[in-house]
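Each of the two blocks below gives one form of the same protein chain as structure tokens; they are labelled structure 1 and structure 2.
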Structure 1
């Protein structure tokens, strides 16, 4: 059966940038003399979507003119609709070694080379114009803006790419498809109308109900198309999410109604513009309909979703271009559970009846507290998968992160807590004292501001691995910088608990103790950049526990920490 309703890709043809094996071998030999550009995970995602045609008609990373046109008009220089620049940013030192006309090897962090790029343009990033154009704001509270100002490189490089092979992906390979593979599958199944559902979260009952409604409205089959690029720090890991999708897929009957495919895309959280890009991508995958949710691609959800974008702005923008895209845009309604009906209805139709609703964050907290998952919110099979990854706090891993000035009593308190937890047993406990880690993990580092921060980040990385594997990590570095502590918290809370202990003993008391004689050396100028003397200590904003050991014994301080752990369910 033909499928005449499935339209042509954006721009008319599906791009395929993967070269022949003979050309690939030639490029591998030539790459020995090429300059290399190491790509981040988000950049590898963009490369993959360029390579497989999901970003059709683009044949490489955008040059300056296309980037400017997209920012100002949402169109490429040839007039074709395109809402967000697909650009490759590099740091200033890397840009200094590159020139127009040069061919560079594009590599991942391990040195593997999936592609080469023929540079046609190099230009400095106008961060203000980019922020306003893509995100509609330059507010650093927006995660996309924050990344752009603090992580993105200083220059863009543009040009066509030749792809030797798609970036290496190891997990769930059977669920990864190119646009051409999906289009071929639709043709084989005889699907003439397909609605795409974009999600970054687990599929719970409200989402399931929405997809069923959309399929009925469009008389279409479903492409469940979750993104699996990097998500917000602290969000659920990809493997758990995919296992939950597989469990939820069993609820559709018959099974041939839907196809699950993983999209290697990294969210930008650009709201309306990004919703339009998502629609173009699904058009390239052969879909005829696309669901847009309230606050689609916004940086927040729920009641805070209006912080940067109107809840309906994404739908309005995508729908306004539906005719040009030859793609039907469906609005995702806000559903709530009505108890007396035992069913989900649009919130506007609840008419004062008792309703229930829950965010995924509230649901995760519920199962971490050991409470039963409500079946009105999710399927038992999905809850079971989530419970495997989010056990009760009493068995999950966590990190105790003691921070404070030198001599505040951090190591002593941490050592006592470590001993008490080891006495209790049940989980392995590792004490990552600052001095011990510096000796065994960071012996090559000095005591400059940069090196001290690197040492703290290493402690945080080791603690996150211990936490991920259901152990307890106890850390006691000075860790004077708030930004570093916040990053460590975000990384660790992805896997378990993070308990920040501010040992807030005043500087005057710490100086009187001065067990290592460091303060006196800092006062006399023998030690530079010493925390509390000529380098600041940024106090934690909202630590879980604050301790002042001026008039408190180490045993009393340790008891305060243990009481907090018991109160919050980490220990019994």
Structure 2
């Protein structure tokens, strides 16, 4: 295929669903009497891409016939190529309030209304068919399938949308563009051929080299087009990633060869079909070439990416439609760093010479261990941004989360650890003591199962905020339920350390101690649902530290915790 020039969008016309100001005003008034459908972040991403024409020629969320055709044939009912349904799912109770012919307000979680939708179709989700069609498997081990079976609503609603305004986005607004804005920019710059580079990761040297080779091969400019879920204030990781892109952009010479733009798209991890959708989106943004990586849009990067899709399947599928799309599909080259050349070369040209490679996880571990970032892997400016966000453990925030039966010794140990850490100084320490939390954060809560669980989640939330801001949070709730503890761990580990201390003192010892007389009240039935008596305590599966305080002093127990912190580098 000869080098394509920037061409028409998919289906011929670039869609723009944003209505005039007067229509928006009218819709705002009408919306007072409309049912609302609250969209999740991924649904808002889809709405934005419909609104701005990135999903051209779609003019709304798909109706049943299009959805079925797309699943079965990868085509819309008019025959146009389309690989993945763009459908709006709702929960059963919401679906029960909706009917065909109705106009509903589409809102975000804060109640802001970016659009309305005229419902043309409501139908139950056939999860099996959807999973097979989109993901090529119904295996729940596939994260996309799992999400679909467990969080997708029971019904789809389809119909055209009218958009009042794009969903609110706060972060890096100057890097967000509609396809029309990008097309106008390309025209202004005189760019006739543009390679789009899709990424969900930080751009390190291997990706940079990849883009340079693709630009040279295609004799084209570059649209660096990372996908960005919704950015909220404090969403550290995404902000870091974008700062890294900005740093990497400085490395292109001349810098006028590239444009960086953030794509508000939520990944589905549907492999080959999703690669094709990515290509269509980039075509709508005016690109002429699209790079498809091995395991593109697969569920996991690295070795396990082959679990669901052949590594080359995404490229093969996208490339087989290149002619129809009038888009050149480029294969990501397998580049390796050859030490003696001091350069990246295609793997097949390495000829047994010493090569170097590193995963992003290994890189992050390195910088957290305080080691220097190797320049062959990433640019120093990018490394500097990453180092700011992934500091060594000795300056990270962390949460010490003591869990165990009442009377096991949690508060006593937590209090002692708190005092030792404050004596050392360096980081602010907050003891989220049970009584203080109950008084200041949860005063309206009682001691029912549900209320105790809400209380623990609140403690987890505050601890995660403290951890994010590089402080030390110490908590000592009973926290009897594994699911709640796991969720708190997940939230906190994105910001720093989570050290679960299972204070595993046996029930008999706790009951004998009975420091607050609670066990005797529970035994006589004065307290209901008491952990260990008539409500279960689910033991932690892999706590960082386990302490049975039966035969140790509180000081010895606290010392065990401090030794763990020292061993793992959280304190020096």
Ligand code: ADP
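Residue numbers count along the first chain shown, from 1. Note that the structure is predicted; figures quoted are calculated from it, not measured. In this text, the rigid core denotes the largest set of C-alpha atoms whose superposition between the two forms falls within 1.5 Å.
Remark: the form predicted on its own is the source of structure 1; structure 2 originates elsewhere.
Here the chain acts as two rigid units, and between the two structures the smaller unit rotates by 10°.
Relative to the superposed rigid core, residue 459 shifts its CA by 3.9 Å between the two structures.
The rigid core superposition between the two structures gives a CA shift for residue 525 of 9.0 Å.
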